[in-house]
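Listed next as structure tokens is one chain, alone, in the form predicted alone.
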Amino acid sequence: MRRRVVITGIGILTAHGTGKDATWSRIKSGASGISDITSFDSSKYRAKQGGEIKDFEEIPLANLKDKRLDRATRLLVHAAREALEEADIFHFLKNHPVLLSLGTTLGGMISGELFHKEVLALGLNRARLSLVHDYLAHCQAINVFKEFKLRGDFLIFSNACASGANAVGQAFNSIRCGEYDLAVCGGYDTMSEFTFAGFNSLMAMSPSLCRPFDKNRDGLVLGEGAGIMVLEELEHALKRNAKISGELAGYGESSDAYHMTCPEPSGKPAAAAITKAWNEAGNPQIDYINAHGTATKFNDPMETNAILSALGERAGEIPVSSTKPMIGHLLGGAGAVEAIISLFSIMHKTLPPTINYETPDPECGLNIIKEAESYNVKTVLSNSFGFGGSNAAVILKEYE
């Protein structure tokens, strides 16, 4: 018998602020966290705005030396601390192994950029090798282990924009099958010029507003952030009287390798991931879909096809929204942060809006939510689709 997996801790940082209350209050109100980039000069690029975290105040670290830490570690550790504190699990961590499962596309890319600049300015022999260490994606996970004195294993997923969802899904599977009783999982990425320039070269970013599923959409907007959840086997959580926020009920993935950057247009590979997650969850009625919704020319019709193919006749009636116009596309952090926002929609019985949506696209025949609505949300599908044909979907449910 497969074990049930529940969520007992949440940590989140986005352009809307630090912590779940700040993020949810602004998501619900339809506020935009998108503004002019301040961390580098964006004037030479087609797009000049993004979802940066600008009010981040760190809590003093207990076991790490904070002078040389990359911004990625700082955001990740902060979100992990918030999730662990809410789960009230520190006493358990001292004597039991846990799985740390994280998704990222950039790792410590800001440190990588600095190393490159130092090589150009000072030469290879004088550039700081410590920056290369901080750049590597597994180093942020090691820092989390050190800061919270964790025991167990860690996994890093870096398969484009599905990374965060895959990390959550792997943690789910590890508890479901009995490998662990507890896992810390999620995703993170920072705003970096390297990534900004890359998406600019692809002409994938909007020079104006991000408009998912809108006929006049012209690209995505990048953001930064981190989302962490503490997952537990149900009986384990009940025995220690943990506060349960919701249940993770299904996970599906697929890989089609159709193209380096363009999604497979029929949506069938993405539909396979949705179908796997839905079947794993026992084919529940889906009340809301938190879409990948990037607002690019090719993603939105593909995702529409995938949803309609996987969920059948009722799919066109299910409320759908994308929160990326408010906080940006968090890349490796997107799947985890959006799973948390999906959980908020269940907890607060509210459908998040798709801001900037004005003109329906006939190719995107979904029930797009323009403004926040009160709704009896019990089960949510959250989609994540990445470059290279990486597809992932998770299903979250109200805990009963």
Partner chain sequence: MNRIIITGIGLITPIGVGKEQFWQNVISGASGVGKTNRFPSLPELLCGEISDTDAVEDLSDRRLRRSANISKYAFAAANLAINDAWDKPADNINTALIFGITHGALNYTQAFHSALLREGVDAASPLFFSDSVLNAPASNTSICLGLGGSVHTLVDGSAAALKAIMLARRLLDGGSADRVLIVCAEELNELSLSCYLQKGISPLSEGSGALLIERETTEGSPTRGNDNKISYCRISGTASIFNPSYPAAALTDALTQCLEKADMDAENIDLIVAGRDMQAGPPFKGVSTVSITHLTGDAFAATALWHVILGSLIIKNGKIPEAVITNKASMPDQVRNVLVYTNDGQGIASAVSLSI
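Everything quoted here is computed from the prediction, not taken from an experiment. Numbering follows the first chain given and starts at 1.
There is another form of this protein, the form predicted together with the partner chain, and it is not shown here; the text below is about that form.
Remark: none of the three candidate residues (Q49, R71 and E85) comes within 4.5 Å of the partner chain in the predicted complex, counting heavy atoms only. The candidate stretches are 281-289, 119-127, 74-82, 306-314, and the one lying within 4.5 Å of the partner chain in the predicted complex by heavy atoms is 119-127. Contact between T105 and the partner chain in the predicted complex is found at the 4.5 Å heavy atom cutoff. For the chain shown alone, N95 is not a contact residue for the partner chain in the predicted complex, no non-hydrogen atom being within 4.5 angstroms. The shortest heavy atom separation between G19 and the partner chain in the predicted complex exceeds 4.5 Å. A residue is said to contact a partner when one of its heavy atoms sits within 4.5 Å of a partner heavy atom; W24 fails this definition for the partner chain in the predicted complex, lying far away. Listed residues N216, T261, S266, S208 were compared with the partner chain in the predicted complex; T261 is the one with a heavy atom within 4.5 Å. Put simply, of K243, K297, H138, R240 only one has a heavy atom within 4.5 Å of the partner chain in the predicted complex, and it is H138. Taking the partner chain as it sits in the predicted complex, the stretch 154-185 comes within 4.5 angstroms of it through a non-hydrogen atom at F154, L155, I156, F157, S158, N159, A160, N166, Q170, N173, S174, C177, E179.
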